[in-house]
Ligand code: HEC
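What follows is a single chain, given as C-alpha cells, in the form predicted alone.
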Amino acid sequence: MKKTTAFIGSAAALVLVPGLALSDPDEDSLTINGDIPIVTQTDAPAHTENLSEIYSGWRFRSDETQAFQMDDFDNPGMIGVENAAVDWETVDGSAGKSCANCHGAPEEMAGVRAVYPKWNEEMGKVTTLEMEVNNCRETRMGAKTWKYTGGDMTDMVALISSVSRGMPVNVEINGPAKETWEQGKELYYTRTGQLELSCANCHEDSYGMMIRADHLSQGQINGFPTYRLKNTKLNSVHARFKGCVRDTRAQTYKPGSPEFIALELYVASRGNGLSVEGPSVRN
C-alpha cells in the first residue's frame, strides 16, 4: 500500500505540513507478553467506506515506542491497571460494595471492552465504559461518580481493557444505535475550526504522512486508554478527541458529551476486527 494523498484541500491545512513526507505503517507484528497475539492490520469493515485496510496506531510508531507495549513490565500504562485493581477490590459508598462484589475478578470482564460503546436498553441511549462505571458507582455502590477523564476513571477503563487484549473489536452499529452512529459519522467528516479540518482529513486522507516529527495514523481507538510519552500519563478517548478538535482551532465539546459519545461509537466501529490492545503506548 502506498499513500499518495495529503490533506491539501484548504490553504489553512498547509500551515500544518512543512516537511510533509510519506511513511507507511511498518510491517512489524505485535505479541504482548509472548502469548497475546494482537491483530494490527485487517480488512476494513464494510461500513468504512473509504478504506480497504485498517491499521492499529501501533504500526505507525517507532521501534522504540512499539517495544514498550510488548511486555507489561515495560508498559508504563500498566501502573494505571495496577492502581485500578486496588480500586476494584475497595469497598466504597453507602451500599458497602466494591466492584468485585458484583463482578468478581477483573478477568470476568473479558470481552466487555471489545463491544463498547453500545446501546443500553435500560437507559435508552448509547453508553460508554466510563458511563457504565459511573452508573455502577452511583446506583449500585452509592459512591461518588468519578470525573469522566479523571485518573481513577481512566485507570479503571484501562483495567477493563487489559483483560480483553487480543479480542476483536466488535462494536454494534445497527438497531437503536444506528442514529447515534450516523451522528458520529457526520462529526467525523465535518470540517471545523480556523484550519477547516475534519477527523477524516488527517486520519483517512493523510494517514502515513509525516508532519514534523509526528506520524499520522488512522486514528483507531482500539488501544485506548493510551499512555502517551508526550504527557506521561494514560489518556482517555474523549481527552484525545478534545485535543484533536482543539488542534483544529475549533470550539471543542466536553468529555462525556452526546457529540463525543456519538463520535466514539463511529470511530470505534471503524476499528472492528482489530484487537483490543489497551493500555497501549503512543507518542
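Because the structure is predicted, anything quoted here is derived from the model rather than measured. Residue numbers here begin at 1 and follow the sequence given.
The next section is about a form of this same protein that is not shown, the form predicted together with the ligand.
In the model of the complex, none of the heavy atoms of A114 sits within 4.5 Å of a heavy atom of the ligand.
At a distance threshold of 4.5 angstroms between non-hydrogen atoms, E132 is in contact with the ligand in the model of the complex. Although the partner is absent here, V91 is not a contact residue: none of its heavy atoms lies within 4.5 angstroms of the ligand in the model of the complex. Remark: R240 counts among the residues lining the ligand in the model of the complex, judged by a heavy atom distance of 4.5 Å or less. Taking the partner from elsewhere, no residue among L229, V276 and P279 has a non-hydrogen atom within 4.5 angstroms of the ligand in the model of the complex. Checking M167, I173, M141, M78 against the ligand in the model of the complex, a heavy atom within 4.5 Å turns up for just one residue: M141. Among the residues T248, T252, T48, Q66, the one placing a heavy atom within 4.5 Å of the ligand in the model of the complex is T248. Counting a residue when any of its non-hydrogen atoms is within 4.5 Å of the ligand in the model of the complex, the hits in 210-230 run I211, D214, H215, L216, S217, G219, Q220, I221, F224, T226.
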